[in-house]
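Given next are two forms of a protein chain, the same chain in both, each as structure tokens and marked structure 1 or structure 2.
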Structure 1
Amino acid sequence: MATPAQLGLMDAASPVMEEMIYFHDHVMLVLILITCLIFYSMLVLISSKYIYRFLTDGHVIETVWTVIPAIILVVVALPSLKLLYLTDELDSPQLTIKGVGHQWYWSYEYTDYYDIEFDSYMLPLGDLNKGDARLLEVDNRVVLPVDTSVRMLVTAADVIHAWTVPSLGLKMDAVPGRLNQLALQCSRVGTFYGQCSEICGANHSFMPIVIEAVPVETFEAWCDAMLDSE
């Protein structure tokens, strides 16, 4: 999760998010260069005492400042498109999980091997333990094996929601009557938080998502525990 006064992106927990961070750095560099150039030009022009009274046109400079931004856009667009198609790639997923958005909680179904279904409600303030994150903790987390390619199918039962986990670079609209597919792969063990990202009513801000990436053995033990409890 983000730390207080954090401005930048969170550390990546998936390969796709790593690529997004690199792309963000690349575009930020281009933007800073352009901004510095503009600020410098503004400073020079404002502080200059000279006025050219007979300026009527500038065909050469207009051509230059049309062609150069076009080149800059190509430099930005090429990695952008590559990343866009990378996010759609799904490499032989070993697990499929369905996430269904309701007003105002998420429910998850692991139906590949067994029938594991549970709801995930936000923990209210009174139920938090000391040190828990307010508005982010849930009663039942999404437990996933680490370094495993997972297919996440996202849908909704009533209105449009959006399933988001920023650390993994994931965001997908949960649309009723439609299944949207996400490629999910956690590179490291940890807990990753997200919040609903599509306005869905009064408690839209109070239906978070928590993913717990664990070693495979721990995941298997969790599955057994879930089946036993059901």
Structure 2
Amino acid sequence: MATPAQLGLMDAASPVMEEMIYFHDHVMLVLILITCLIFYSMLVLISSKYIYRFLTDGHVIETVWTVIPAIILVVVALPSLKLLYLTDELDSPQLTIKGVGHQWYWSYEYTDYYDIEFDSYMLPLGDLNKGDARLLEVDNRVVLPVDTSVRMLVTAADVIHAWTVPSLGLKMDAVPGRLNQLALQCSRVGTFYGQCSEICGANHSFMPIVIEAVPVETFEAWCDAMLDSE
């Protein structure tokens, strides 16, 4: 979860988010080098006392400042394309979950192995325990096993929503009448928070998403407890 005055990205909790952070650092390094070079060049030109007013062209320098930016763009574009296809990679998912956005809550269906369905509402302030996150806690969390390939199907029942969990590098629009899918895999045990990222009405800010990643044994026990409670 993000902290006050945080400047960087959240700690990665999935392989895809780790790659996103690597790509962010890669691009930031390139931008810093370019910015420093430009400011240095400006400083040298401004402070220089030498002027040659008969200079009208320079084929060499024009070639250089055309070719070098093109090379830089390729250096940035190749890892970007790799990451783009990596986020869309879905290979033999072991678990499928369907999330449906409503005004203003989420409902989830575990339909692969268990007939588990539940709604997830934001907890009001009066129901929060000590240490709970305001406007982020829900009454029913999405429980997932760690190191497991999960397919998330996302749709909506009324207006457009967006299922977003920054720590996992996930963001997918939930569109009525359309079933979008995304791949996720939690690489460590923990609780990860997200919110609807599409303005969907008056209570748009009050439909959080909470994912609890647990060991496989704990996930199986949770499934048994959910089935027994029905």
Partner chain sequence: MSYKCMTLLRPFGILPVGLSHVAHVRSFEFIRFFLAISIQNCRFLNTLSQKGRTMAHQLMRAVPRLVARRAFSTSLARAGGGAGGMPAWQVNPRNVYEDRPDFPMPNVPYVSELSDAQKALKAKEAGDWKSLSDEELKELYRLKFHKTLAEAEAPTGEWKTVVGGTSLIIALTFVLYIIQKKYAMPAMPETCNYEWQEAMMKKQLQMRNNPVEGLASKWDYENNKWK
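Here the rigid core means the biggest group of C-alpha atoms that line up within 1.5 Å when the two forms are laid on top of each other. Residue 1 is the first residue of structure 1, and the numbers go on in sequence order from there. Worth saying up front: this structure is predicted, and the values here are computed from it rather than measured.
Note on provenance: structure 2 matches the form predicted on its own. Hinge location among T111, T66, F23, R151 for the rigid parts moving between structures 1 and 2, by C-alpha fit switching from one part to the other: F23. Relative to the larger rigid part, the smaller one turns by 12 degrees between structures 1 and 2, according to C-alpha superpositions. For C36, the Cα deviation between structures 1 and 2 after core superposition amounts to 2.5 Å.
Core superposition places the Cα of I51 8.0 Å apart between structures 1 and 2.
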